[in-house]
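Structure 1 and structure 2, given next as C-alpha coordinates, are two forms of the same protein chain, each shown alone.
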Structure 1
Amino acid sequence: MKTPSEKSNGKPVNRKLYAPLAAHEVELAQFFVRMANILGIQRSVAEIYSLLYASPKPMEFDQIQGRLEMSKGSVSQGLKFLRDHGMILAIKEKGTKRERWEPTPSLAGSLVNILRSQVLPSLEKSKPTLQNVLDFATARAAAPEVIERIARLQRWNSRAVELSALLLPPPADE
(Lines of atoms letter the chains of each structure in order from A and count residues from 1; the text may use other names and numbers.)
(Lines give C-alpha, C1' and ligand atoms only; values in the text may rest on other atoms or scores of the structure.)
Protein backbone atom coordinates (compact mmCIF):
# COMPACT_ATOMS: atom_id res chain seq x y z
CA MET A 1 0.00 0.00 0.00
CA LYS A 2 1.20 3.45 -0.90
CA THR A 3 1.86 6.09 1.71
CA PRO A 4 0.42 9.56 1.17
CA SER A 5 3.89 10.77 0.26
CA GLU A 6 4.04 8.61 -2.83
CA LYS A 7 2.35 9.02 -6.16
CA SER A 8 1.00 6.06 -8.11
CA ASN A 9 4.33 5.75 -9.87
CA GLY A 10 6.11 5.46 -6.56
CA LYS A 11 7.95 8.76 -6.97
CA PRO A 12 7.91 10.81 -3.76
CA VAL A 13 5.93 14.02 -3.79
CA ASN A 14 7.95 17.19 -3.43
CA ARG A 15 5.97 18.52 -0.52
CA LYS A 16 7.89 18.61 2.74
CA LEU A 17 11.07 17.53 1.02
CA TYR A 18 12.31 21.09 0.72
CA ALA A 19 12.84 23.68 3.41
CA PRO A 20 10.35 26.55 3.55
CA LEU A 21 11.78 29.94 2.72
CA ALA A 22 13.85 31.67 5.38
CA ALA A 23 12.92 35.18 6.50
CA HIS A 24 15.60 36.82 4.40
CA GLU A 25 14.53 34.88 1.33
CA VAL A 26 10.94 36.00 1.76
CA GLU A 27 11.90 39.65 2.10
CA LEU A 28 14.27 39.53 -0.82
CA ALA A 29 11.48 38.08 -2.93
CA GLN A 30 9.30 41.01 -1.91
CA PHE A 31 11.97 43.34 -3.21
CA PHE A 32 12.30 41.56 -6.54
CA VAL A 33 8.53 41.32 -6.93
CA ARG A 34 8.27 45.09 -6.47
CA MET A 35 10.93 45.71 -9.10
CA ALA A 36 9.25 43.21 -11.41
CA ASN A 37 5.97 45.07 -11.03
CA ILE A 38 7.57 48.25 -12.30
CA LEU A 39 8.80 46.38 -15.34
CA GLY A 40 5.59 44.44 -15.92
CA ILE A 41 7.12 41.06 -15.12
CA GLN A 42 5.15 38.44 -13.30
CA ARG A 43 5.50 37.52 -9.68
CA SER A 44 6.52 33.91 -10.27
CA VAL A 45 9.45 34.95 -12.42
CA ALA A 46 10.63 37.40 -9.77
CA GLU A 47 10.35 34.73 -7.09
CA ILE A 48 12.45 32.28 -9.04
CA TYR A 49 15.11 34.85 -9.74
CA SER A 50 15.13 35.95 -6.11
CA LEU A 51 15.61 32.39 -4.92
CA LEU A 52 18.56 31.85 -7.23
CA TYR A 53 19.97 35.22 -6.24
CA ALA A 54 19.99 34.27 -2.58
CA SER A 55 21.37 30.80 -3.16
CA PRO A 56 25.09 30.17 -2.59
CA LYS A 57 25.05 27.46 -5.24
CA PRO A 58 23.21 26.84 -8.48
CA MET A 59 19.81 25.21 -8.05
CA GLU A 60 18.06 22.57 -10.06
CA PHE A 61 14.51 22.46 -11.32
CA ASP A 62 13.01 20.35 -8.54
CA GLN A 63 14.61 22.36 -5.76
CA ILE A 64 13.17 25.55 -7.18
CA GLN A 65 9.75 24.00 -7.54
CA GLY A 66 9.90 22.46 -4.07
CA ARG A 67 11.08 25.46 -2.12
CA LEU A 68 8.70 27.88 -3.84
CA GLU A 69 5.82 25.37 -3.82
CA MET A 70 5.16 26.33 -7.40
CA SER A 71 3.81 24.28 -10.29
CA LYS A 72 6.10 22.63 -12.80
CA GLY A 73 4.59 24.73 -15.55
CA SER A 74 5.38 27.99 -13.81
CA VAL A 75 8.94 26.95 -13.03
CA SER A 76 9.49 25.88 -16.61
CA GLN A 77 8.08 29.10 -18.03
CA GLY A 78 9.84 31.23 -15.49
CA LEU A 79 13.22 29.68 -16.21
CA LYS A 80 12.58 30.11 -19.92
CA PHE A 81 11.89 33.81 -19.48
CA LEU A 82 14.98 34.31 -17.34
CA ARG A 83 17.10 32.32 -19.80
CA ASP A 84 15.75 34.21 -22.82
CA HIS A 85 16.59 37.51 -21.18
CA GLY A 86 20.07 36.47 -20.16
CA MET A 87 19.32 36.72 -16.48
CA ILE A 88 20.39 33.21 -15.51
CA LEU A 89 23.06 30.78 -16.61
CA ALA A 90 22.97 27.00 -16.83
CA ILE A 91 25.69 25.15 -15.00
CA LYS A 92 26.04 21.74 -16.55
CA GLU A 93 28.18 19.34 -14.59
CA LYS A 94 29.48 16.31 -16.40
CA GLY A 95 27.94 13.06 -15.29
CA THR A 96 24.72 14.73 -14.19
CA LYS A 97 21.63 14.87 -16.30
CA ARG A 98 19.95 17.84 -14.74
CA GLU A 99 20.95 21.38 -15.33
CA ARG A 100 21.48 23.76 -12.47
CA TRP A 101 20.81 27.47 -12.58
CA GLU A 102 22.46 30.58 -11.20
CA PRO A 103 21.96 34.31 -11.80
CA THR A 104 24.24 35.90 -14.38
CA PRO A 105 26.96 37.92 -12.68
CA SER A 106 25.88 41.23 -14.16
CA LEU A 107 22.52 42.36 -12.87
CA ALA A 108 23.01 45.57 -14.83
CA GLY A 109 23.29 43.62 -18.04
CA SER A 110 20.16 41.68 -17.16
CA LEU A 111 18.25 44.88 -16.59
CA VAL A 112 19.32 46.23 -19.95
CA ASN A 113 18.09 43.07 -21.61
CA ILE A 114 14.74 43.38 -19.88
CA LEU A 115 14.30 47.00 -20.84
CA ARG A 116 15.27 46.28 -24.42
CA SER A 117 12.66 43.58 -24.75
CA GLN A 118 9.88 45.18 -22.70
CA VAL A 119 10.11 48.84 -23.63
CA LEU A 120 11.86 49.30 -26.96
CA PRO A 121 9.35 47.32 -29.04
CA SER A 122 6.52 49.59 -27.89
CA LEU A 123 8.47 52.69 -28.77
CA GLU A 124 9.39 51.33 -32.17
CA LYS A 125 5.91 50.13 -32.99
CA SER A 126 4.69 53.65 -32.34
CA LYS A 127 6.69 55.26 -35.11
CA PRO A 128 4.41 54.28 -37.99
CA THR A 129 1.32 54.76 -35.83
CA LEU A 130 2.18 58.36 -35.13
CA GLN A 131 3.04 59.01 -38.77
CA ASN A 132 -0.41 57.69 -39.67
CA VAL A 133 -2.08 59.87 -37.11
CA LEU A 134 -0.30 62.89 -38.48
CA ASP A 135 -1.29 62.02 -42.06
CA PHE A 136 -4.91 61.43 -41.09
CA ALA A 137 -5.10 64.63 -39.11
CA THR A 138 -3.56 66.63 -41.94
CA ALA A 139 -5.88 65.08 -44.52
CA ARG A 140 -8.93 65.96 -42.43
CA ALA A 141 -7.61 69.48 -41.99
CA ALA A 142 -7.57 69.16 -38.20
CA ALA A 143 -6.98 72.24 -36.11
CA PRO A 144 -3.40 73.53 -36.48
CA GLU A 145 -2.74 73.29 -32.75
CA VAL A 146 -3.73 69.63 -32.78
CA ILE A 147 -1.45 68.92 -35.72
CA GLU A 148 1.36 70.68 -33.91
CA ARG A 149 0.78 68.58 -30.78
CA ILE A 150 0.89 65.36 -32.74
CA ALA A 151 4.02 66.43 -34.59
CA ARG A 152 5.67 67.15 -31.25
CA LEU A 153 4.71 63.68 -30.04
CA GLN A 154 6.26 62.16 -33.13
CA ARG A 155 9.54 64.01 -32.65
CA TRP A 156 9.61 62.86 -29.04
CA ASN A 157 9.01 59.27 -29.93
CA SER A 158 11.76 59.29 -32.55
CA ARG A 159 14.22 60.71 -30.11
CA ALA A 160 13.21 58.19 -27.47
CA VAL A 161 13.81 55.33 -29.91
CA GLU A 162 17.23 56.67 -30.83
CA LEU A 163 18.20 57.26 -27.25
CA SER A 164 17.05 53.82 -26.18
CA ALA A 165 18.91 52.15 -28.99
CA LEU A 166 21.98 54.00 -27.82
CA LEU A 167 21.59 53.14 -24.15
CA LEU A 168 20.41 49.60 -24.75
CA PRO A 169 22.55 48.28 -27.59
CA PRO A 170 21.79 44.76 -28.74
CA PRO A 171 24.38 42.15 -27.74
CA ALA A 172 27.15 41.73 -30.29
CA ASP A 173 26.66 38.00 -30.84
CA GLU A 174 23.82 35.48 -30.35
Structure 2
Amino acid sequence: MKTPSEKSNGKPVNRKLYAPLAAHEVELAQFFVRMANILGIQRSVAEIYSLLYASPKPMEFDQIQGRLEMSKGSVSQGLKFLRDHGMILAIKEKGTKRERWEPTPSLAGSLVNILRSQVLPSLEKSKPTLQNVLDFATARAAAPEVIERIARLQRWNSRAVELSALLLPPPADE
Protein backbone atom coordinates (compact mmCIF):
# COMPACT_ATOMS: atom_id res chain seq x y z
CA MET A 1 0.00 0.00 0.00
CA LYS A 2 1.33 3.42 -0.89
CA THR A 3 1.80 6.10 1.72
CA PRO A 4 0.10 9.45 1.13
CA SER A 5 3.42 11.00 0.05
CA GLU A 6 3.97 8.20 -2.48
CA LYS A 7 0.46 8.73 -3.88
CA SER A 8 1.18 12.42 -4.38
CA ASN A 9 4.54 11.86 -6.12
CA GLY A 10 6.48 13.08 -3.11
CA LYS A 11 4.59 16.37 -2.80
CA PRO A 12 3.34 17.11 0.70
CA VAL A 13 -0.28 16.16 1.23
CA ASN A 14 -2.40 18.74 2.97
CA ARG A 15 -4.64 16.32 4.82
CA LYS A 16 -6.15 17.02 8.18
CA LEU A 17 -5.47 14.28 10.70
CA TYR A 18 -8.42 12.81 12.53
CA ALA A 19 -8.48 10.84 15.73
CA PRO A 20 -8.61 7.10 15.22
CA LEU A 21 -11.78 5.32 16.26
CA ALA A 22 -12.08 4.64 19.98
CA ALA A 23 -12.59 1.06 21.18
CA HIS A 24 -16.32 1.55 21.74
CA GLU A 25 -16.68 3.03 18.24
CA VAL A 26 -14.92 0.01 16.72
CA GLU A 27 -17.16 -2.41 18.62
CA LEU A 28 -20.30 -0.49 17.65
CA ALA A 29 -19.15 -0.53 14.02
CA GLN A 30 -18.66 -4.30 14.21
CA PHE A 31 -22.22 -4.65 15.55
CA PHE A 32 -23.72 -2.54 12.76
CA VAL A 33 -21.63 -4.34 10.13
CA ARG A 34 -22.97 -7.72 11.34
CA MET A 35 -26.55 -6.42 11.19
CA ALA A 36 -25.98 -4.87 7.75
CA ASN A 37 -24.58 -8.17 6.51
CA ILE A 38 -27.86 -9.88 7.41
CA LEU A 39 -29.76 -7.30 5.36
CA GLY A 40 -27.31 -7.32 2.44
CA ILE A 41 -26.12 -3.76 3.07
CA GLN A 42 -22.54 -2.75 2.30
CA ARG A 43 -20.00 -2.67 5.10
CA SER A 44 -19.06 0.95 4.38
CA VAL A 45 -22.69 2.03 4.84
CA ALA A 46 -22.82 0.32 8.23
CA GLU A 47 -19.52 1.89 9.29
CA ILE A 48 -20.70 5.38 8.35
CA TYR A 49 -24.00 4.89 10.18
CA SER A 50 -22.17 3.56 13.22
CA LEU A 51 -19.85 6.56 13.36
CA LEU A 52 -22.76 8.99 13.11
CA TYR A 53 -24.71 7.01 15.69
CA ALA A 54 -21.82 7.18 18.17
CA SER A 55 -21.12 10.87 17.57
CA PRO A 56 -22.57 13.38 20.03
CA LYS A 57 -22.70 16.03 17.29
CA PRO A 58 -23.48 16.03 13.56
CA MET A 59 -20.42 15.32 11.42
CA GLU A 60 -19.15 16.85 8.19
CA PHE A 61 -18.25 14.77 5.15
CA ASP A 62 -14.52 15.31 5.68
CA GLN A 63 -14.74 14.19 9.31
CA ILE A 64 -16.49 10.99 8.31
CA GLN A 65 -13.99 10.32 5.56
CA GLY A 66 -11.02 11.07 7.81
CA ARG A 67 -12.18 9.10 10.83
CA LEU A 68 -13.08 6.03 8.78
CA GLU A 69 -10.20 6.41 6.30
CA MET A 70 -12.62 5.84 3.40
CA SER A 71 -12.58 7.11 -0.13
CA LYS A 72 -14.73 10.09 -1.04
CA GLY A 73 -16.77 7.86 -3.32
CA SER A 74 -17.53 5.34 -0.57
CA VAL A 75 -18.55 8.08 1.86
CA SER A 76 -20.67 9.82 -0.77
CA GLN A 77 -22.46 6.59 -1.76
CA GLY A 78 -22.91 5.59 1.87
CA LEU A 79 -24.43 8.92 2.85
CA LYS A 80 -26.73 8.81 -0.17
CA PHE A 81 -27.94 5.31 0.76
CA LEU A 82 -28.52 6.30 4.39
CA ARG A 83 -30.29 9.53 3.43
CA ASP A 84 -32.46 7.81 0.80
CA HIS A 85 -33.55 5.23 3.37
CA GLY A 86 -34.40 7.80 6.02
CA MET A 87 -31.62 6.77 8.37
CA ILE A 88 -29.75 10.08 8.56
CA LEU A 89 -30.55 13.77 8.44
CA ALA A 90 -28.61 16.58 6.78
CA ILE A 91 -28.11 19.60 9.03
CA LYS A 92 -27.05 23.03 7.74
CA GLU A 93 -26.06 25.74 10.17
CA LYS A 94 -26.75 29.37 9.32
CA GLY A 95 -23.91 30.98 7.43
CA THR A 96 -22.36 27.69 6.27
CA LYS A 97 -22.66 25.78 3.03
CA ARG A 98 -21.47 22.48 4.37
CA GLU A 99 -23.91 19.82 5.38
CA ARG A 100 -23.42 17.93 8.57
CA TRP A 101 -24.93 14.52 9.15
CA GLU A 102 -26.62 12.86 12.11
CA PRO A 103 -28.72 9.72 12.57
CA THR A 104 -32.49 10.07 12.61
CA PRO A 105 -33.95 10.03 16.12
CA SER A 106 -35.59 6.61 15.73
CA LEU A 107 -33.47 3.53 15.20
CA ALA A 108 -36.68 1.48 14.97
CA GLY A 109 -37.95 3.79 12.22
CA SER A 110 -34.69 3.36 10.36
CA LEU A 111 -34.95 -0.41 10.59
CA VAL A 112 -38.54 -0.33 9.34
CA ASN A 113 -37.41 1.81 6.37
CA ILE A 114 -34.70 -0.73 5.53
CA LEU A 115 -37.12 -3.65 5.79
CA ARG A 116 -39.60 -1.84 3.56
CA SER A 117 -37.07 -0.80 0.96
CA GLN A 118 -34.72 -3.81 0.93
CA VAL A 119 -36.31 -6.97 2.34
CA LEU A 120 -39.97 -6.70 1.33
CA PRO A 121 -39.32 -5.98 -2.35
CA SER A 122 -37.05 -9.04 -2.49
CA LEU A 123 -39.73 -11.23 -0.92
CA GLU A 124 -42.40 -9.86 -3.27
CA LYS A 125 -40.21 -10.32 -6.36
CA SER A 126 -39.58 -13.92 -5.28
CA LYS A 127 -43.24 -14.96 -5.61
CA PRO A 128 -43.25 -15.54 -9.40
CA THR A 129 -39.77 -17.06 -9.32
CA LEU A 130 -40.78 -19.60 -6.70
CA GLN A 131 -43.95 -20.40 -8.63
CA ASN A 132 -41.86 -20.99 -11.78
CA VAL A 133 -39.48 -23.26 -9.86
CA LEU A 134 -42.40 -25.25 -8.45
CA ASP A 135 -44.06 -25.52 -11.88
CA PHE A 136 -40.79 -26.65 -13.47
CA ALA A 137 -40.12 -29.23 -10.74
CA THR A 138 -43.66 -30.57 -11.06
CA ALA A 139 -43.51 -30.72 -14.87
CA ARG A 140 -40.18 -32.57 -14.72
CA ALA A 141 -41.61 -35.03 -12.17
CA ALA A 142 -39.07 -34.13 -9.49
CA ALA A 143 -39.03 -36.25 -6.36
CA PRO A 144 -42.06 -35.61 -4.13
CA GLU A 145 -39.73 -34.51 -1.31
CA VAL A 146 -38.23 -31.80 -3.53
CA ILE A 147 -41.64 -30.58 -4.69
CA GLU A 148 -42.81 -30.42 -1.06
CA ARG A 149 -39.71 -28.43 -0.03
CA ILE A 150 -40.23 -25.92 -2.83
CA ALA A 151 -43.94 -25.64 -1.97
CA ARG A 152 -43.02 -25.08 1.69
CA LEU A 153 -40.55 -22.36 0.68
CA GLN A 154 -43.21 -20.74 -1.47
CA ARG A 155 -45.69 -20.77 1.46
CA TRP A 156 -43.05 -19.35 3.79
CA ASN A 157 -42.31 -16.53 1.36
CA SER A 158 -46.01 -15.69 1.00
CA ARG A 159 -46.52 -15.71 4.76
CA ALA A 160 -43.51 -13.44 5.27
CA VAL A 161 -45.03 -10.90 2.87
CA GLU A 162 -48.43 -11.15 4.57
CA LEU A 163 -46.98 -10.90 8.09
CA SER A 164 -44.91 -7.88 7.18
CA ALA A 165 -48.10 -5.93 6.53
CA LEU A 166 -49.26 -6.82 10.03
CA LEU A 167 -45.95 -6.37 11.85
CA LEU A 168 -44.62 -3.21 10.25
CA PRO A 169 -46.35 0.11 10.85
CA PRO A 170 -47.89 1.67 7.74
CA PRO A 171 -45.62 3.92 5.68
CA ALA A 172 -45.62 7.58 6.74
CA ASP A 173 -47.31 8.70 3.51
CA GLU A 174 -50.44 6.56 4.13
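None of these values were measured; they are calculated from a predicted model. Think of the rigid core as the biggest set of C-alphas that the two forms share within 1.5 Å after superposition. Residue indices: 1-based, along structure 1.
Enquirer: Only one of structures 1 and 2 is the form predicted alone; identify it.
Expert: Comparing the pair, one sees that structure 2 is the form predicted alone and the remaining one is not.
Enquirer: Choose from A29, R116, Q154, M35 the one placed at the hinge of the motion between structures 1 and 2, with one rigid part turning against the other.
Expert: The hinge between the moving rigid parts is marked by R116.
Enquirer: Given a two-rigid-part description of the chain, what is the rotation angle of the smaller part between structures 1 and 2, in degrees?
Expert: So the smaller rigid part is rotated by 18 degrees.
Enquirer: I need the CA movement of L134 between structures 1 and 2 once the rigid core is aligned, reported in Å.
Expert: Here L134 registers a C-alpha shift of 7.6 Å.
Enquirer: Superpose the two forms on the rigid core and tell me the Cα shift of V161 between structures 1 and 2 in angstrom.
Expert: In the core superposition between structures 1 and 2, the C-alpha of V161 moves 3.2 Å.
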